[in-house]
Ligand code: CAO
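Before any questions on how it binds or moves, here is one chain, the form predicted on its own, in structure tokens.
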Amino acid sequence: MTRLHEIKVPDVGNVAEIDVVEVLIQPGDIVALEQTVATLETDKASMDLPSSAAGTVQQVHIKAGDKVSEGSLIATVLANDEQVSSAQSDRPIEQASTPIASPPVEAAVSKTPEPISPPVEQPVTELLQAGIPATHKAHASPSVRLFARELGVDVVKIKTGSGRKGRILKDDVKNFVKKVMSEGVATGGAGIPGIPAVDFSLFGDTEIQKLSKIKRLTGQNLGRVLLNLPMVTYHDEADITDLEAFRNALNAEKASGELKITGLMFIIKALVAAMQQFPSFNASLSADGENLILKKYFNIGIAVDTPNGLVVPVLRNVNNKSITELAVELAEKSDKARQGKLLPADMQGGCLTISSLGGIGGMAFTPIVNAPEVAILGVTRAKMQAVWDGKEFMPRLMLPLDLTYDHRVIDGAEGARFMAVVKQNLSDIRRLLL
């Protein structure tokens, strides 16, 4: 029996607005079950929306540039009952840009490409609420005040309105936004002089390549973090000679094709044990900067590179999971990423992020804190070094670690003590049993 079926946006993890990047169907098209009908994009991922029915497209309700959310109607399809998926709302939509998962790594370090903070939409509120001192009373109707709040504008900042007796109108709010935004762009934001535009074609051939939304928002977030967080990076090394020997012994016991344990699992456990000892590392600063929000859960983000930008899938409640359980969960996240099914919900709720250069190499780097977290651990490739034990030089496998933290929350002494505990946990994994 044929009937008209509605294709809607399924649950994408509490994302209010999703951009429609491309619509791949039009009325009259024949679509198959699970065929991609549109490409959607959030601030964290680009996703393919599959058709939940097979049949003839009757009407398309969206176009490129629209914004949709969970439950939004995409299209109607004339389909047979047996050609309709019964679980559209429960099935995650596919991610168009396939993320690269963290593969195993030499010398007990994950080969996850260089991580970065997950992108967040940059609010214009900070710019709009800056500038004019609030020394006068604003004359505006309730509807205009609501309109201003929706744009993030404090009407008190508008000196005078164009209405009768200086009353503020909607046009005044719009003009204020335009003025502030143009000034913000011209100065680079926060009063910092902007980089002047250069016509590079004067010096040779050029090509314009548009940045993905993820990369644009990542750049905005990094700029905001650098302007707002006083960050310090502490560099050290951990002796993982015994850890690596134990890891190799564990993997040698496994049957062919069985899941192998990577060094990243031990780094996660060592990190969480230190976070339990130093609660300020498992915290976030309140928006007003007056309070520290201490978290009672332990979720670790692992930064991963993708063709469209960097994302940070989160492993949850790692303090309650064994090394093997963490390996299984990471493998599942990696497989999900390779299949393009990493959703925004998979990248939310992190307490602290691990940023690894893995097998790429390097001696050290300064990862940027993934705000609102207060710290991030950077890892580069381990290498054999001659280490003096008091009597002679011994060959030891040393792992470089780079800890960046928010100096408003964590001071230098606490950062050094935290890193010392992480090193102890990695150097003698028996400590993780205490």
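Just count from 1 along the sequence shown to find any residue number. The structure displayed is predicted, hence computed values, not measured ones.
The same protein also has a form predicted together with the named molecule, omitted here; what follows describes it.
Comment: 256 to 264 is the region of 272 to 280, 231 to 239, 256 to 264, 198 to 206 lying near the named molecule in the predicted complex, near meaning a non-hydrogen atom within 4.5 Å.
In the predicted complex, none of the heavy atoms of Glu329 sits within 4.5 Å of a heavy atom of the named molecule. Proximity of Lys321 to the named molecule in the predicted complex: non-hydrogen atoms within 4.5 Å are absent; the residue sits far from the partner.
Interface membership of Asp305, defined by any non-hydrogen atom within 4.5 Å of the named molecule in the predicted complex, is confirmed. Contact check for Leu310: a non-hydrogen atom falls within 4.5 Å of the named molecule in the predicted complex.
When the named molecule is considered in the predicted complex, only one residue from Lys341, Arg224, Arg247, Lys213 comes within 4.5 Å through any heavy atom, namely Arg247.
This chain lacks the partner; the member of Ala148, Val77, Leu357, Ile300 within 4.5 angstroms of the named molecule in the predicted complex by a non-hydrogen atom is Leu357.
Scanning 394 to 409 for heavy atoms within 4.5 Å of the named molecule in the predicted complex gives just one residue, Leu399.
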